[in-house]
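A single chain comes next, written as structure tokens; it is the form predicted alone.
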Amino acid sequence: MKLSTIADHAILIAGALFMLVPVYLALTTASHDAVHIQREGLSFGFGDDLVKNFDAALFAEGGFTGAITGTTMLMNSFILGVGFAVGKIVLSMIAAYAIVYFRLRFATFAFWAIFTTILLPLEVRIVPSYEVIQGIGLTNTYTGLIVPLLASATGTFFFRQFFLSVPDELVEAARIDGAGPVKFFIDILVPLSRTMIAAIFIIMFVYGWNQYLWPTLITTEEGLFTLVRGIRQIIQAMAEGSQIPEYGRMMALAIIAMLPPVAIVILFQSWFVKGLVESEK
């Protein structure tokens, strides 16, 4: 094996290990009790409370009302992640379909107007979005959590580029066979886009799963808390109650919060790469 190849692999392994150190620290710290972590801080060695802390993270009730569990927060995060991903894909595909296949007078302008919203940070839209949702009474609902952030310039851009690569002969053949716009979209474009859909689903699921600012604004009922928000809320409730925060339980929740996105990426890895770099038609 060449020396340059060995060096490349060594750098790759070193980078991977460096990225895994925080995960390892979270896992080892989650195996200690709260008093030990309060006194010693992060630990590199394993303790005896790993199972106990993971059990408490999933099933013990906590928060200000003492009625929220990690399982409930996990379910809320799943609903938010899947709702974000599916909603953004459907909306992006419809927008891209209209831009590419309908003879709209300002289609190009509309696309670039949508595309420039990528440059706007979420914080710019957060206050007006909150005012609208509060005005129509959708706070503390799954609809209020998911719907306001469904518009996706990134998804519209990827689907537009994919639809532009579809051969014109395919469109003409479908037209000759009598396929209308809806039938062409559902029976031809959607199946052709399955790898792109898988790639966008992964990106949007992780985006929705990691949402913190919007769920913090839109939900005050602990039954709707997600994992990302609930981790901080449980610790804050204990700190304000003059108790030693359960850092081990918090670390266990953090590890649990990492597992579904990692599983999704591993499960759809081949489709993710294919959807972004290939055009399977």
Partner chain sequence: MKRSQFSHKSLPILLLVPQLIIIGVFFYWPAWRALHSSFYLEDPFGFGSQFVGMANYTRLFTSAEYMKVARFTLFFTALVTFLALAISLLLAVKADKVIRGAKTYRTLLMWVYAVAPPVAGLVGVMLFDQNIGIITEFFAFLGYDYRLGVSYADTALAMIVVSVWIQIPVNFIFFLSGLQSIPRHVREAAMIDNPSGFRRFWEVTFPLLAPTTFFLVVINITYSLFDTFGVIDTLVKNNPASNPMTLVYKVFVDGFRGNDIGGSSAQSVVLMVLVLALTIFQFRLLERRIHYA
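Residue numbers count along the first chain shown, from 1. Each form is matched to the other, and the largest set of C-alpha atoms that superpose within 1.5 Å is called the rigid core. Computed from a predicted structure; not experimentally measured.
Keep in mind the form predicted in complex with its partner chain is missing from the figure; the text below concerns it.
(request) May I ask you to choose, among Glu221, Glu40, Glu61, Asp55, the residue with a heavy atom within 4.5 Å of its partner chain in the model of the complex? (result) Exactly one listed residue reaches within 4.5 Å, namely Glu40.
(message) So in the model of the complex, is its partner chain close enough to Pro148 to count as touching (4.5 Å, heavy atoms)?
(response) Close contact exists here: in the model of the complex, Pro148 approaches its partner chain to within 4.5 Å, heavy atoms only.
(message) Taking its partner chain as it sits in the model of the complex, is Val132 in contact with it (heavy atom to heavy atom, 4.5 Å or less)?
(response) Yes, Val132 is a contact residue.
(request) Consider Phe184 of the chain shown here, and say whether it contacts its partner chain in the model of the complex, taking contact as heavy atoms within 4.5 Å. (result) Output for Phe184 is yes: heavy atoms within 4.5 Å of its partner chain.
(message) Quick check on Ile94: any heavy atom within 4.5 Å of its partner chain in the model of the complex?
(response) Contact with its partner chain, yes.
(request) Using the arrangement in the model of the complex, list in sequence order the residues of 194 to 215 with any heavy atom within 4.5 angstroms of its partner chain. (result) Result: Ile203, Val206, Asn210, Tyr212, Leu213.
(request) Would you say whether Thr220 is displaced between the shown form and the other one, judging by a C-alpha shift of 2 Å or more on the superposed rigid core? (result) No.
(request) With both forms fitted on the core, give yes or no for whether the Cα of Phe106 moves by 2 angstroms or more between the shown form and the other one. (result) Yes, shifts by 2 Å or more.
(message) I want to check Ser152: does it shift between the shown form and the other one by 2 Å or more at the Cα, with the core superposed?
(response) The answer is yes, as the C-alpha of Ser152 shifts between the shown form and the other one by 2 Å or more after core alignment.
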